[in-house]
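Form predicted on its own, single chain, as structure tokens, below.
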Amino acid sequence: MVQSEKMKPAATAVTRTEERNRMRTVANNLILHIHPTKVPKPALRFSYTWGLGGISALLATILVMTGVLLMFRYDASVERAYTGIQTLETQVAFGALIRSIHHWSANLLIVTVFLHMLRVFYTGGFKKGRGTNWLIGLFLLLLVVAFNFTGYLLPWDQLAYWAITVGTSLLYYVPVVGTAVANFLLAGPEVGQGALRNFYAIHVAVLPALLVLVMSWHFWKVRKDGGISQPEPKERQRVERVTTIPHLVQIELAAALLLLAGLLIWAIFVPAPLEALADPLHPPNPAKAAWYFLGLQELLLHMHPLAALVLPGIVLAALALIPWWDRQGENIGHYFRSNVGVATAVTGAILAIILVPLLVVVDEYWLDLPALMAGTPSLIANGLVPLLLTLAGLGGIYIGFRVLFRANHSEALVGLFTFTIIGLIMLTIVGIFFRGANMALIMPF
């Protein structure tokens, strides 16, 4: 009997060790299901990937977890949605913090997915048979924007109501299907109970299912394509490969902990905004769309709505076709392709920073195409003409890079891409900070 009692602690220790080993095996298998067993050592450089893919995946996970918690206290009705948010923030323990984490994670996710797209483009990560995953990534970017757009309405405050009203009004300008899509989303001609119910259902059911499926496909394709893009090894050059555990996992863990700490601190000191209860009869002045649509709203001030929608559509289509336009695979894994590519990118950025605000000011105060083309339909004078001039300008920039820098096709595309992206950012900055009452240009200080 005494011997049996002495053996119990040893047996318990063995059982605990086996349990820890079993849990470690499960965790390792989960990690290796997402990652390959070994990765190229150069791929571990943080300055190459910046951890943007993993950060985006972590933010998506945080959004799902906090979103589920918020669902317990949210009621998708125009009578109780706003008061429910107030109750959540004032009477539920940590309710304001959870909502703040959810809100800022959603906004940050747009930024990180966008930056991830830039990283993949600038390193040529769509080359060497990776075109399909590039398209999947673009779809994920649109999916993240849709998530934010549908979630924007749910607080049912003035900011949400009028941002969605402005955003959905653009759909009516889409030929053939625009009105039908807008009426389906809003469940009628205007933002109301039907729209709130539809946005909530899409936000918590349809989009999460799509996100899980498409993210899984994206991760699988990364592995199927041989991991993240890397420079082609030189002749007889051997690329060292290291085990994912612990080399890659410890880097991801450090990045995740830094993100969580920074997000928590920000959410504590900068609460999620909540304005007055939505009032359909008293729009704010100015009534602005969500910040990630303000570049498009700025375009609407300078072009016919149809042209303002066609231009981003052309840019998006061009991005989708990039893997088939730029097939020079020898520069895969090199930022900006080459030194010439760096020069075209820097020049494109400088041009956008100078030209885009200048064109905004010129169009605001001096240029009036409809008046200059009196008698011409608005769709032509204020739509087709500025659209064609814009496309001609983009074409001229591409040719200029080819001639002035003697850039090859791939290097010139880098410069053109940079000009387009920085131009969009400049339009967004103008929309956020330099538009005041009646959407007039103002100085923000």
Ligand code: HEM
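Note that residue numbering begins at 1 and tracks the sequence as displayed. What you are looking at is a predicted structure, and each value in this text was computed from that prediction instead of being measured.
Below, we refer to the form predicted in complex with the ligand, which is not included among the displayed structures.
A residue is said to contact a partner when one of its heavy atoms sits within 4.5 Å of a partner heavy atom; S56 meets this definition for the ligand in the model of the complex. The ligand is not shown here, and in the model of the complex it never comes within 4.5 Å of any heavy atom of P357. Although the partner is absent here, G95 lies well away from the ligand in the model of the complex, with no heavy atom inside 4.5 Å. When contacts are judged by a 4.5 Å heavy atom cut-off, H304 does not count as touching the ligand in the model of the complex. Proximity to the ligand in the model of the complex, defined as a heavy atom within 4.5 Å, holds among W162, W134, W156, F336 only for W134. Residue G227 is the only one of P283, P208, G227, G188 with a heavy atom lying within 4.5 Å of the ligand in the model of the complex. The stretch in contact with the ligand in the model of the complex, judged by heavy atoms within 4.5 Å, is 120 to 128, chosen from 296 to 304, 120 to 128, 368 to 376, 349 to 357.
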